[in-house]
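Given as C-alpha cells, the chain that follows is alone and in the form predicted on its own.
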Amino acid sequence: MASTTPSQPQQINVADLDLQQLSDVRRQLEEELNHLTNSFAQLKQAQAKFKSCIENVGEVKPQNKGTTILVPLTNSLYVPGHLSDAENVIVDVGTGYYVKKSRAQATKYYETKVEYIRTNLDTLQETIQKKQENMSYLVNVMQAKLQQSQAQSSKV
C-alpha cells in the first residue's frame, strides 16, 4: 500500500481529463475566481474606509474646538454635536470596542490598517492572477479537446 501525504494535494494533468471533468473543473475555478474577486472588492472598500478615517482625524484640529459638528451614528444617520476635545478621538477597534487615542495615535493606527490591507490586496491580486492563468489554460485545453472530438466525429 502506497503512503501519501495528506497535506499535499494530488496533482492531475488537466489534459488527461475528459470534457465533463474539465467542465466541472472550470465551474469550480469560476466560483473560486468569483469569490476572490468579491473579497478583493470588499478589501478595497475597507481600505477606502480607513483612508477616509485618516482624513477625518486630520480634520479634528485644536482651532475647531467648541464648533458644532455632525457625529455619525450609522452610515446614514448623523446627529449634531460639539467638539469638546480636539486632542483625542474615539477609534473603533472592532467588535464593538472603542479606544480613546490621540490624533497622532489614531492616524498611525489607521495608516497601519491601510498598509495591512494593501499587503493582503497584493497577495490576493497574485492569487487572482494565477487563477485566471489556470482558467485560460483550462479553456485552451477544452477547446483543443472539442476540436479533436469534432475532427474524430467528422471522420466517422
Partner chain sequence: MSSKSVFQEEKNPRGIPKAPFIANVEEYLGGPDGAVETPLKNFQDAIAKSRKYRYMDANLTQRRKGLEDKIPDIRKTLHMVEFLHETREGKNKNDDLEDDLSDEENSDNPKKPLITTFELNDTLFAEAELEDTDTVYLWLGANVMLSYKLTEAASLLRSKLDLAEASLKATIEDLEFLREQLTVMEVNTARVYNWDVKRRRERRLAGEVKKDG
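Numbering follows the first chain given and starts at 1. What you are looking at is a predicted structure, and each value in this text was computed from that prediction instead of being measured.
Below, we turn to the form predicted together with its partner chain, even though it does not appear here.
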remark   = Exactly one listed stretch (64 to 72, 22 to 30, 36 to 44, 123 to 131) reaches within 4.5 angstroms of its partner chain in the predicted complex by non-hydrogen atoms, and it is 64 to 72
ask   = Is residue 53 close enough to touch its partner chain in the predicted complex, meaning at least one heavy atom pair within 4.5 Å?
value = yes
request  = State yes or no: in the predicted complex, is some non-hydrogen atom of residue 92 no more than 4.5 angstroms from a non-hydrogen atom of its partner chain?
outcome  = yes
inquiry  = Does any part of residue 117 reach within 4.5 Å of its partner chain in the predicted complex? Heavy atoms only, please.
reply    = no
request  = Answer for residue 108 alone: is it within 4.5 Å of its partner chain in the predicted complex, judged on heavy atom distances?
outcome  = no
Heavy atom within 4.5 Å of its partner chain in the predicted complex - qualifying residues of 72 to 103 = 72, 73, 74, 75, 76, 77, 78, 79, 80, 81, 82, 83, 84, 85, 89, 90, 91, 92, 98, 100
